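Next come structure tokens for two forms of one protein chain, structure 1 first, structure 2 second.
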Structure 1
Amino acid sequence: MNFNFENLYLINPTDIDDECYIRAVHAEKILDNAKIFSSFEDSIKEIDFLIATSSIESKKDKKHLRNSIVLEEFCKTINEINGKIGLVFGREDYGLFNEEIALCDIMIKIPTSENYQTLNLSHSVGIVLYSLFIKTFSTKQKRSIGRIEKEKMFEKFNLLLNKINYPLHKKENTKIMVRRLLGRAIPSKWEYHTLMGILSKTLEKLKK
């Protein structure tokens, strides 16, 4: 509430009891309106752009799952994203699972000392929300695509990989790479339709 965020989604939480309300102080409204989900997949159905958060990143460019961008760099592009944005925070003890991160468009990281990289969950949330708040969310520079359009593009790309007999052992990592690439690029509607046209024409040619 300090930073004008109102929508809280919780997945299999513990009971929202009196202690939660005491700690919330004057932000009880957010707890009252929190949406509860039984699975991560259910919680993201109406979210257009998903941002994973983690302190554990890949040190190799070819390992795309945990390739992250620094929070400050992501904040510079936040105004280009259209639709519902979901900030995904993991569990206090062991963060997000790999399969949850794989469903996100990008992963961001808060720079910390190499000596001790992990932040408490509440601190991570506070830093991320503050960093986004000071960017004001004011101007939309371009109309970007939503989740439905992205999934259609991923379906086409998957069909293309199948058509060219792309090596099975590389396929999953490559699909994640493309998701991360599009997440960083934040393509506009025009760019989306151009890319979809190219993919469709390529698939038609391969059929012939």
Structure 2
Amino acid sequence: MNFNFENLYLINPTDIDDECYIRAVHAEKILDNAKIFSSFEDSIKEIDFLIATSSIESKKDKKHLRNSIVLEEFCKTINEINGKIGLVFGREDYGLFNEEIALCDIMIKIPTSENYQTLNLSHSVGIVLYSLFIKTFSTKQKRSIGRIEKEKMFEKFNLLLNKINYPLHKKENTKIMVRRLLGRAIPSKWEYHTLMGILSKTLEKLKK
């Protein structure tokens, strides 16, 4: 629910008891609507594209079954897939069996440290859903100021450099530095106004 996924299919689960609802916190709706199946084959009948997840890759390129693509790479192509997509996660202890992976269209792998490759089920699901979510989420940064405001600020900053007799031979470079710093920081309108306020007050005081 944190990442806008709604449909949970469970295959031969344990009882959905109070513990499950406690863990679901505000996502009980997803538990209520979960579809329960007695076999993997039954659960995938209406799914157009199946994605297996596993941390166990084939060592040899030759073994196609567990040839995987990295989660990040897969996310870039998700929009090209038509129809219902199913993300298949295995058991906490054994993951997915070969017969199950064989029924899937693709296998994805979450990159992990060489020192500890196995993620627990819950974190695997969290990371996969997050990765898919942010590919559909626009990272629009609503904060930046426009060109005119920026130029006004640089003008005021220039006045300050003059007022404090800043060494002439360093001036151009320093002005560029400020431009770069603010370019990286991408100030919001409020940050802009606050900075302008500080500059104005400093210039006023220097006039006296």
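Here, rigid core means the biggest group of C-alpha atoms that superpose within 1.5 Å across both forms. Please note that residue numbering is based on structure 1, beginning with 1 at the start of its sequence. Source: prediction; values computed, not measured.
(request) Choose the one of the two that is the form predicted alone. (result) Between the two, the form predicted alone is shown as structure 1, not structure 2.
(message) Once the core is superposed between structure 1 and structure 2, does residue 43 show a C-alpha displacement of at least 2 Å?
(response) It does not reach a 2 Å shift.
(request) Indicate whether residue 173 shows a C-alpha shift of 2 Å or more between structure 1 and structure 2, with the rigid core used for the fit. (result) The answer is yes; the displacement is at least 2 Å.
(message) So that I can tell if residue 34 moves, could you say whether its C-alpha shifts by at least 2 Å between structure 1 and structure 2 after the core superposition?
(response) The answer is no, as the C-alpha of residue 34 shifts between structure 1 and structure 2 by less than 2 Å after core alignment.
(request) Superpose the two forms on the rigid core, then give the C-alpha shift of residue 186 between structure 1 and structure 2 in Å. (result) Comparing the two forms, residue 186 shifts 38.4 Å at C-alpha.
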